[in-house]
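One chain follows as structure tokens, the form predicted alone.
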Amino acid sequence: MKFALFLGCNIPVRVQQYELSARAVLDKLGIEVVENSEFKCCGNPIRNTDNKTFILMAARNLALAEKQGLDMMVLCKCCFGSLKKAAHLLKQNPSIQKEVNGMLAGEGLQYKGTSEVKHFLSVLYHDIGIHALKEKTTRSFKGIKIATHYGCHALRPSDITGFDNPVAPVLFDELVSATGAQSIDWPLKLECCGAPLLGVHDSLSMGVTERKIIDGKQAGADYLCVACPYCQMQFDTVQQMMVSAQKLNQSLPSIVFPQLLGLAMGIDGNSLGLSRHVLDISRLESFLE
């Protein structure tokens, strides 16, 4: 099984533990990922400002994956949503596709729509499967409660992303359960993390984050679990800022899912980047048996 790995902009710079842990898990599962130094921004930052440029940026990445003859595996849910949206728009609008291909021709590229865009979690759930994942685990979590945060861009618009049921998703919860951890039900599970508002309206952004953290704590969670760099930065770096500014009385550390899965697969904490978090997550390994 082989994929073109799309990391996006933030993960290599700000959330390196996501890349480290994802690569470690994929290697254990025998999934080959192919690098492409030509991949650039997915276009998400200008998606609501310059739609045509957004589509062109996304299409270029999609065309590069097609040139490799591979489906694309995406770690960031914002990138995943943007690339899926662009592919949908190109399919629905032949005139836009023709115009975009005219611009891509200068680089010897052409978008045909032959490569599928998949999120990392989707690959684990659909291509590998829960049963196969359990067979790869050598240890099991016990007595740990995880609050899964699905994020916005993978679930909506559901007819485009096709990730899971946008109202009652189960994919992430079942993946967490495969490690032996308990995925809890919590009221604000599907609410935004607050990251899109950071830098625009900081108090509102942190207010959204605070509500999520308090709700997760009240539901009994030991950790938040995410699969998106923006959500992880909000729940790790920004949460620490809130604690330091005494805007939060207690913290709820966040981990990226391949760290949880990796530990259950017997991968050491250093390889999973456990020390790269701002908030301390060293207690995580104490739940393993």
Partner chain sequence: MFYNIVLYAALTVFGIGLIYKISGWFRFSIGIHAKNKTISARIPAALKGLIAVIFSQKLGTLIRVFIMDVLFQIRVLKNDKLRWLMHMLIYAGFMFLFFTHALDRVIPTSLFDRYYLKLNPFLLFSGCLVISGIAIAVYRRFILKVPRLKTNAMDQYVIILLAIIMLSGIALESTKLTSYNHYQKIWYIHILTCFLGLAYLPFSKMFHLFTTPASLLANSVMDKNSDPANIMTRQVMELDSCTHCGTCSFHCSVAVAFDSIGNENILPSERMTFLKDYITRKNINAQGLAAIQQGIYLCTNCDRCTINCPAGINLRDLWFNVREEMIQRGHSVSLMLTPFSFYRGLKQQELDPAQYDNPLHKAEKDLTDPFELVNKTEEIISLTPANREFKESADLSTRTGTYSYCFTCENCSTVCPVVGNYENPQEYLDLLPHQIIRSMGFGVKDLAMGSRMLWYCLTCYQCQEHCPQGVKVTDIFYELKNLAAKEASRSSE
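The structure displayed is predicted, hence computed values, not measured ones. Numbering follows the first chain given and starts at 1.
The protein also exists as the form predicted in complex with the partner chain; that form is not presented, and the subsequent description refers to it.
> Even though the partner chain is not shown here, does Asp185 get within 4.5 Å of it in the predicted complex, heavy atoms only?
Looking in the predicted complex, residue contacts with the partner chain do not include Asp185, since no heavy atom lies within 4.5 Å.
> Answer with yes or no whether Asp127 is in contact with the partner chain in the predicted complex, where contact means some heavy atom within 4.5 Å.
No, Asp127 stays farther than 4.5 Å from the partner chain in the predicted complex.
> For Thr114, is any heavy atom within 4.5 Å of the partner chain in the predicted complex, or not?
No - in the predicted complex, heavy atoms of Thr114 and the partner chain never come within 4.5 Å of each other.
> Does any heavy atom of Pro45 come within 4.5 Å of a heavy atom of the partner chain in the predicted complex?
Judged by the heavy-atom cut-off of 4.5 Å, Pro45 is in contact with the partner chain in the predicted complex.
> Go through Thr138, Gln218, Asn93, Asn101 and name the one with a heavy atom inside 4.5 Å of the partner chain in the predicted complex.
Filtering the options by heavy-atom distance leaves Asn93.
> Only one of these stretches, 27-35, 218-226, 257-265, 53-61, has heavy atoms within 4.5 Å of the partner chain in the predicted complex; which one is it?
Of the options given, it is 53-61.
> Look at the candidate spot formed by Ala132, Asp173 and Leu248 and say whether the partner chain comes within 4.5 Å of a heavy atom in all three of them in the predicted complex.
No, none of Ala132, Asp173 and Leu248 comes within 4.5 Å of the partner chain in the predicted complex.
> Across 4-20, which residues bring a heavy atom to within 4.5 Å of the partner chain in the predicted complex?
Cys9, Val13, Arg14, in sequence order.
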